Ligand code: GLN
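Next comes just one chain, in structure tokens: the form predicted alone.
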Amino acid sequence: MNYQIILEEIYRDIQPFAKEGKQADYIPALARVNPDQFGMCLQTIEGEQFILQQADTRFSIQSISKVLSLALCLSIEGKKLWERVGKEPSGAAFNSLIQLELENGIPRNPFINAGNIVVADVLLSRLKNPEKKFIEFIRALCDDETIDYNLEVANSEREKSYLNAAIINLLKYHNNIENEIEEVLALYFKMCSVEMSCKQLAKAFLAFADHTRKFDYAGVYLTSSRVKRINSLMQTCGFYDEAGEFSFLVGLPGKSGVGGGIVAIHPKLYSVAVWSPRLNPKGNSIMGMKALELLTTKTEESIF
């Protein structure tokens, strides 16, 4: 499969969508990002790498980090985590208060805001320095010590975190938060602020495309069972209330973030990351969604 030619064809084909949507403006630091950027990287499990446009440009991965924090949390907490967080698609916005209230403070899954706030709370309870452990885990996945948090983005999110503050207070009311609210929010926003490029994201998610290469990433064990469960959650819950649409159009497990990034994996074949800041109303990258739809269409490779 000549992936490079296919990526170049995809880039030409998606140009009619280049000006649709807008970047996330409810986070001031993200509102200042130039929306007219695009990068893509596909990395095979054999080590081949195919890149397009601004694949080296780093951006805030936002909710893509929730896959990585879940992996870290499961390595520590195991199946006990599912007593506090569900495993079902939300069918509602990623920051819904109504759903959380109706379900008595148990978030539907770990990829919506409420669910990942609970994950952050678990990490605070179980680790002496969760911020350090989390970034060490990501650096180990990528074999890249330069990856770090963007404190400007983290602080910018905290300044405008009215809805997330309401979510965590509701979680606290339902006894699903153990630590101090400000400490949990600080960790949550910091994890979302990690900056990575498409190249780095594609490499990081090779661990989910082929878990047999290396089991221990800075003391975090990605067993076959954990990878299976994380991938299934990406398939059913990775795109907020547009998970069904992504599964229908693309047919790969993946995760998006409001920074404009999307990462997806084809088990035993490749991981792929794409970035374009302009989002649709559901919070997913318009160019990114279309690029991945065309990738599985042109290659005739999906998990279905």
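In case it trips you up, residue 1 is the first one in the sequence shown, and so on. The model shown is predicted, which means the values in this text are computed figures rather than measured ones.
Same protein, other form: the form predicted in complex with the ligand, not shown, and the subject of what follows.
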Site test, 27, 62 and 94 vs the ligand in the model of the complex, non-hydrogen atom cutoff 4.5 Å = yes
The ligand: the contacting residue among 192, 72, 202, 234 in the model of the complex [heavy atom, 4.5 Å] = 192
Option from 41 to 49, 257 to 265, 270 to 278, 242 to 250 whose residues, in the model of the complex, bring a heavy atom within 4.5 Å of the ligand = 257 to 265
In the model of the complex, does residue 164 have a heavy atom within 4.5 Å of the ligand?
-> yes
Is there a heavy atom of residue 208 no more than 4.5 Å from a heavy atom of the ligand in the model of the complex?
-> no
Contact of residue 188 with the ligand in the model of the complex (heavy atom, 4.5 Å) | yes
If you check in the model of the complex, is residue 113 within 4.5 Å of the ligand, heavy atoms only?
-> yes
